[in-house]
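First, one chain by itself in structure tokens, the form predicted alone.
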Amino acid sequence: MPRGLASWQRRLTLEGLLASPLPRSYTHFVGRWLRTAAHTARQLAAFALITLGVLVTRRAQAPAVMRPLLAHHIAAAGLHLLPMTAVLAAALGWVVVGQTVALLSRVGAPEYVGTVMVLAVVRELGPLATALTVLLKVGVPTVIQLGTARANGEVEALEALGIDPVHFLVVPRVVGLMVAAVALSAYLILGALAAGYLVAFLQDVPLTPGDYARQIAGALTGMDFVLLGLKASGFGAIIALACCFEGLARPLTLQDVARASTAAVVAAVLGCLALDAAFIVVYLLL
């Protein structure tokens, strides 16, 4: 057998694939991506510290201006998303909660309904689904708005007038998204649990509303409420910081706004997943 053909056949085997090194293009791509991710994470951490410092040091400055801004962002990220959150809660209840309750009843394990609902909906799916909704409906428009303002020189105009852009543009959005994420998470979880029981009721599952509510209440602990609030508010803060950072942190042209929006979505999703993984470790340790 020719030497070249034997080498080609060896590379087709699992041993050959494991033994042969990755092409340099792959390793360069992964290394470059990891370096970029680490650099972006450092920049986001620095931006978060700057925002926290401005929030603490200037919390009492210009209340007549900041309070309406804060109320506006809470309404934009919270009240305006209630209809979409209700639809998402109904879909989540139909797909996950109702089918899970029906399955547990068919296999003779209805006593685990509360535990499964708390693990699946309260701890994981509810906050994550809310975070994705806030990111798509509020986060992306935030990047476009701030990126366009930066490209048109409006941020520099604020600085020329003596107005801190972080205090005026970033702090209300961060606080507003944190408050809205907590409220929307609770709203989505309650709606999903109610819609899920309605689906189970339509399937003639022998589980009364009282038993359903008692099982869920029995599976919940006080720490679940605390961690839910911390996780949801953390998701809101990560989304707001990532979107504001990509819109304001560097000079942009109008052509760069689309790229900044994509970068903000990627950074926010990765940050939320990292925070969710950290909370999973906390749940396992409790």
Partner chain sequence: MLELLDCTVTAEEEDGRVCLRDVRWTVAPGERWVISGPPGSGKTRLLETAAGLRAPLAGRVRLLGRDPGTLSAREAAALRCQAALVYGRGGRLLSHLTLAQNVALPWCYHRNCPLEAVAEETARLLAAFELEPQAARLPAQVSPAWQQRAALARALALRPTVLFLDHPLEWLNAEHAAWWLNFLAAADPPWPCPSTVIVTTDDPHPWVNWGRQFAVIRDTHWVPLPPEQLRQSPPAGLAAAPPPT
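The structure presented is a predicted model; accordingly, all values stated were derived computationally and were not measured. Residue numbers count along the first chain shown, from 1.
The form predicted in complex with its partner chain is left out here; the points below concern that form.
In the model of the complex, its partner chain sits within 4.5 Å of a heavy atom belonging to D164. In the model of the complex, its partner chain lies within 4.5 Å of some heavy atom of P251.
Taking non-hydrogen atoms only, G53 never approaches its partner chain to within 4.5 angstroms in the model of the complex. Heavy atoms of L158 reach within 4.5 Å of its partner chain in the model of the complex, making it an interface residue. Checked against its partner chain in the model of the complex, the candidates R32, R58, R259, H39 yield a single residue with a heavy atom inside 4.5 Å, and that residue is R58. For the options T115, Q145, Q99, Q203, the one in contact with its partner chain in the model of the complex, meaning a heavy atom within 4.5 Å, is Q145. Per the 4.5 Å heavy atom criterion, its partner chain in the model of the complex is contacted by stretch 64-72, the sole one of 44-52, 237-245, 64-72, 220-228.
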